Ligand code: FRU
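Starting off, we have a lone chain in the form predicted on its own, written out as structure tokens.
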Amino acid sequence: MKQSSNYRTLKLPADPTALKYHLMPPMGWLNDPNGLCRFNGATHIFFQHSKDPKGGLKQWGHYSTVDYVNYKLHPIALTPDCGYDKDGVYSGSAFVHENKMHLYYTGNVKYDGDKERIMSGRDSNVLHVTSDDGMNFSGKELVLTNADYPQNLTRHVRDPKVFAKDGVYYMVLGARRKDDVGEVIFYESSDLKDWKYFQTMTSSEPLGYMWECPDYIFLDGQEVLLCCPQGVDTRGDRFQPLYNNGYFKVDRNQLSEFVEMDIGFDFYAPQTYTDNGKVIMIGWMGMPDVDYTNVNDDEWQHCLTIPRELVLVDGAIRQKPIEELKALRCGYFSGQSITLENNSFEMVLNDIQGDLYLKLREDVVISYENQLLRLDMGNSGQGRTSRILELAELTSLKIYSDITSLEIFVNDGINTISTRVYNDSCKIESNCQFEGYILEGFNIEI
């Protein structure tokens, strides 16, 4: 498959909203991270991309890095160029086997005469391509169609993630049943080519109408199913985002209670991969179908989160910023009130005792009182308002701030809150002592 450089590059230094250490689209629209893998000494990060900054026909963009500081932007990897994906190369995953990269993705097909799109009007195909070098890709093989899925499902079956267990290959797909209940379905294979239906998993009580972007991982022997349920009603401080993300622990094919991973305004469709024995997760710092805005959305929209290592502590997942980000540090600061040169920094508040007040960006406030952690965005949120997290105690915060983003790690990453933010103020004020580092940006080779 021939590659093509069919988009111009965004002039990052000229854009005051451009991020320093988050991957952005070169222009246009970015959403789900796809095909994450470590292959031939480099980490490959594919992503949903459209040349239209409002979203449109999807293809796979492609970055790679050897050290998480220096990146290369490559030509578009996959384009919708056959009858099985003519309306978009949708989300999927990578699986590395015997020095070959295998990519699986959903090929989207829409029927012009049928606009219904749920029970009819579309096809959701699974396609497969391979690569020996991570840059050039084979022809497309059709793996599964809607005819291969259980007949109690709608036409919404997508986002294949492939993994191995006990010498068998498995593929998990997100699905929407005809009775509007979300679930995931599994297929198995012995050769990564021929796939047969294996089983279905769902929660004991319905949790939304569709489970997108499923993932299946192993942490210290614990099997974990990650997914993004759509259509879950808010319950107190739970399920505040329009669409949610989180995980179930799996025990003999039974699912535990669902645990949310990030309750921010801009976090969705995370995907994991393994790098030197560590399970790393990257998410889309965006959200579908929301009414708040992004500045400069006539040029580009959205970015990816920083990579986060997932670890299991006392039976719960904690998210940790990867160690490699420390290489971006270029200046130290501390105090309770400080004005920085720009908003590219990391900071920590350790050993928090009692109530907390922390003001960022002039009108962004993080507070803790009466066992409630609040993020109030003010006008800097561009329509983003507040998030609330009930906590028995607050012991620590780690915050990664980029020019137009915040990623907040609560109590050593047991919860996180990710959001875009738009305000030039670089003043920080708190009733607690903080310390941190100014961060340089990524080096990106075009």
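No experiment lies behind these values; they were computed from the predicted model shown. Numbering starts at 1 and runs along the sequence shown.
We do not show the form predicted in complex with this ligand, though everything after this point is about it.
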Quiz prompt | Option from 38-46, 394-402, 25-33, 380-388 whose residues, in the predicted complex, bring a heavy atom within 4.5 Å of this ligand | solution = 25-33
Self-check item: Interface residue in the predicted complex among R158, K161, R176, K140, criterion: non-hydrogen atom within 4.5 angstroms of this ligand
Solution: R158
Exercise. Let me know the one among I185, C213, L373, L304 whose heavy atoms come within 4.5 Å of this ligand in the predicted complex, would you?
Key: C213
Quiz item: Hey, in the predicted complex, does F95 get a heavy atom within 4.5 angstroms of this ligand?
Solution: no
Quiz item: According to a 4.5 angstroms non-hydrogen atom cut-off, is W284 in contact with this ligand in the predicted complex?
Solution: yes
Quiz item: Do F239 and this ligand come within 4.5 Å of each other in the predicted complex, heavy atoms counted?
Solution: no
Exercise. With heavy atoms only and a cut-off of 4.5 Å, decide whether Q271 touches this ligand in the predicted complex.
Key: no
Quiz item: Heavy atom within 4.5 Å of this ligand in the predicted complex: which residues of 78-113 qualify?
Solution: Y90, S91
